[in-house]
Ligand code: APR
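Encoded as structure tokens, the following chain is the form predicted on its own, with no partner shown.
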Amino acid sequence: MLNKIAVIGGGNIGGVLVQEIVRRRLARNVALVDVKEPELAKGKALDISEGLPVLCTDIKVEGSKEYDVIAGADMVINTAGVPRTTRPDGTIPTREELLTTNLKITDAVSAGISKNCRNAMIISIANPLDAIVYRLNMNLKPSRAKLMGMAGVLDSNRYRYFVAEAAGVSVDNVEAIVLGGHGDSMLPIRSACRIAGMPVEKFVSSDKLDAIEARTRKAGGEVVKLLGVGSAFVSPAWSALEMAEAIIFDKKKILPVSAILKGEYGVEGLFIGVPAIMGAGGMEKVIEVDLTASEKEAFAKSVASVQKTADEVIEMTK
């Protein structure tokens, strides 16, 4: 249990995060900040606090529109940003289209963290994921281990669910991993997908796997279209909490996270989704996966896409 976890952004993901942090007893104090809606964070904090007797816990939950509420946090989970929402014509903005607005929000988030909890571990969920975590790194310049993006955990869990559904087996039996950027260029690694330790092709045909992998890349948009307003919120929150628990309980758990690479996979200075050992030190070690020739090619394309977005971030800074 940590002393304090802060959640930035009081929308759907933020609300799920706070209630789950309390229910799982991950911190003695939980802070929620939302600068857009003056009373939203206070209202959600009060609602959750009034349910504490049901859980028989005395965790302190505080909400505010001011960043000083996150002072002294050991961990920050950032959800702040404009979500993907269906337009009147039925189209959905790409993650990249959100970039301009959400970079401005990220600069404010960075200032709040810098002033109030400079040494906190940071898990960022806001989209476009790879660009936002890149901007946080530009602004805060934390140690490599202390800043990571949540994308691969969510994408890999979606992949696992779709494979389990097609194979007619428990999701517990499926191991799967998705690498690369968080977007259309993401790369489900079929060669690393196993069902009870056996190759996935033993249970699911190649054609079905092609369809599953295509669906995985578009899974976020699928949820957006079905919801009509807003985007996925429960699965992203649970995925971020899987990362948080690996850190809080020093699990040394291998999870796919968006981490800044320092030569691994031949990449330097970009946040790319890769498997990493997660423990008390944060992102403790990047694991390099043996990829097939076709997977290496697809991974390189994904890296190029992330590089393009990073270049846009730098250009907007100028």
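In this text the structure is predicted, and so the values were computed from the model without any measurement. The numbering used is simple: start at 1 and walk along the sequence shown.
Note that the form predicted together with the named molecule isn't included here; everything after this is about it.
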- Query: With the partner removed from view, which of 100-108, 206-214, 187-195, 172-180 is the stretch that lies within 4.5 Å of the named molecule in the predicted complex, judged by heavy atom distances?
  - Reply: 100-108
- Note on the structure: Contact with the named molecule in the predicted complex, heavy atom within 4.5 Å, among 261, 61, 35, 27 goes to 35
- Message: Can you work out which of 131, 73, 148, 125 has a heavy atom no more than 4.5 Å from the named molecule in the predicted complex?
- Response: 125
- Message: My question is simply whether residue 116 lines the interface with the named molecule in the predicted complex - judged by any non-hydrogen atom within 4.5 Å.
- Response: no
- Do residue 82 and the named molecule share at least one heavy atom pair within 4.5 Å in the predicted complex? yes
- Flag residue 137 as yes or no: does it have a non-hydrogen atom within 4.5 angstroms of any non-hydrogen atom of the named molecule in the predicted complex? no
- Does the named molecule come within 4.5 Å of any heavy atom of residue 13 in the predicted complex? yes
- Going through 281-313 from first to last, which residues have a non-hydrogen atom within 4.5 Å of the named molecule in the predicted complex? none
